[in-house]
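One chain follows as structure tokens, the form predicted alone.
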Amino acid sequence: MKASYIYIAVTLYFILGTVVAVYAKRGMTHGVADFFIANRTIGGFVAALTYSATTYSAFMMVGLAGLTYVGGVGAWGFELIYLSGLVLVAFFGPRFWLAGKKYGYITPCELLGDRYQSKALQAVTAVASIIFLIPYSAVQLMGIGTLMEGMSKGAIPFMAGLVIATFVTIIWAYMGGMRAVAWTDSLQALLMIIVATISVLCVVYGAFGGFGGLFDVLAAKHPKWLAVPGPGYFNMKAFVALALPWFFFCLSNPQVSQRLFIPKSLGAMRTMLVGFLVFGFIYTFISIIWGFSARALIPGLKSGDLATPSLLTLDVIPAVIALLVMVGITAAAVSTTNSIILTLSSMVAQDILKVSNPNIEESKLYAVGRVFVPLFAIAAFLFATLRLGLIAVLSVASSAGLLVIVPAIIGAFFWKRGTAAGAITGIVVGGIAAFWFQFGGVRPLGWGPGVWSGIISASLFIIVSLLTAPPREKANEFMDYVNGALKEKNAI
């Protein structure tokens, strides 16, 4: 495809998104709560779309499709593990929302710091989140760079795609904070699901005559891709190591859990969860079929990440549809990156700067938070230039590192005996282990970092908590309020 067509499509997408962002920021104040969580005023429909766009990124139509291309039907089971993790959102979402409303939390780290009465824990959690979310942000930019390079057959260099994605991300997040991100996410989520649906129907019916034809081809030429454990990529240990962090994604990833603060009511949160469940199931199915189609049509690719770009160059997909798919995937990646850098910037303001200087003026927190929006985007850009590994695997690696925060979150709502010392120990030691195991290639007993990070952090949290004194007064107040409010609102 001509590079000029791609540039024109991206430019039109950027103009449309910028118009939406400008509209969204009308009436926005210069407050921290307004910039980072839109003053908790987001309605259910918009909340569902921004939650969907934040969660589903370049990982899906590039990463998950590539994982299907390489590993077969196991990728479907792997992603369904994530959808089953929505039970956690249904369980913890109302609790997050009630606690945030009561105590004025801006970030999940702030919730943990207050609940365990530890500024150190608040700062440590923020730093851990920053360390593991920068690579995940980079994955989104890599997805765009890989896509544009592949579709243009090298006419648009990988680096050019990274620059474009970084620029768009900075502009929209810096312009209007959460309000702009939520509304541009809504646009992008609708674009993602509509375009993905049209494109997969074009491929399946254009190349195979229907879904039956696709699976007939797979059964005849690639039968292992339809079987468990598949062609060799997945085995039980690999599957569990990838799937476990994904199950807890909604709690471990702060750009997602921070979304639990933004609905204007518990009713809006219910709409958000139902909408996301429907969106997620459809988008997952489409991404899997996309990967299967690539395997059937172009089986000799050297990397799964090339499946989507290569598929989009085939004659079976009209050029207009291919361009729309490219824009849809770009939208998915940009929306996730927007959310991450906005969350990380809020952590610098609320969980690091404010912790070190409790009397700092809100206007300064607001200013510092905005400054870090482009800085984090640039950091993600630099990491993306390294082009490390499969996009899907890098995504899960980041979640494996963030998994170390989950025991402290669960303990905050359900274990009065939990302590800040236990939480800090679990996060620090578990995080170091996750980093070492992932990038050092260490697999104790054959299990990956997605398993060991959870085991180590949970064990240390429990053991150290039992050996140290908990903040009983705050624990009683916090848990009694949340549980009482849930019963009153029938939200359990």
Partner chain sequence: MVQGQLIGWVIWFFILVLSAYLVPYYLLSDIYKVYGAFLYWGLFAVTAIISVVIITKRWRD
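Residue numbers count along the first chain shown, from 1. Keep in mind it's a predicted model, so treat the numbers as computed, not measured.
Another form exists, predicted in complex with its partner chain; not displayed. Remarks below refer to it.
Of the residues given (296, 301, 207, 243), 243 alone sits with a heavy atom within 4.5 Å of its partner chain in the model of the complex. Note on the partner interface in the model of the complex: the residue among 124, 189, 269, 405 having a heavy atom within 4.5 angstroms of its partner chain is 269. Each of 87, 235 and 292 places at least one heavy atom within 4.5 Å of its partner chain in the model of the complex. Picking from 330 to 338, 352 to 360, 163 to 171, 277 to 285 the stretch near its partner chain in the model of the complex, with a 4.5 Å limit on heavy atoms, gives 277 to 285. Using a 4.5 Å cutoff between non-hydrogen atoms, residue 401 does not count as a contact of its partner chain in the model of the complex. In the model of the complex, at least one heavy atom of residue 247 sits within 4.5 Å of its partner chain. When its partner chain is considered in the model of the complex, residue 2 lies well away from it, no heavy atom lying within 4.5 Å. Looking at residue 322, you'd find every heavy atom of it more than 4.5 angstroms from its partner chain in the model of the complex. Residues of 181 to 218 that come within 4.5 Å of its partner chain in the model of the complex, judged by any heavy atom, reduce to 215 alone.
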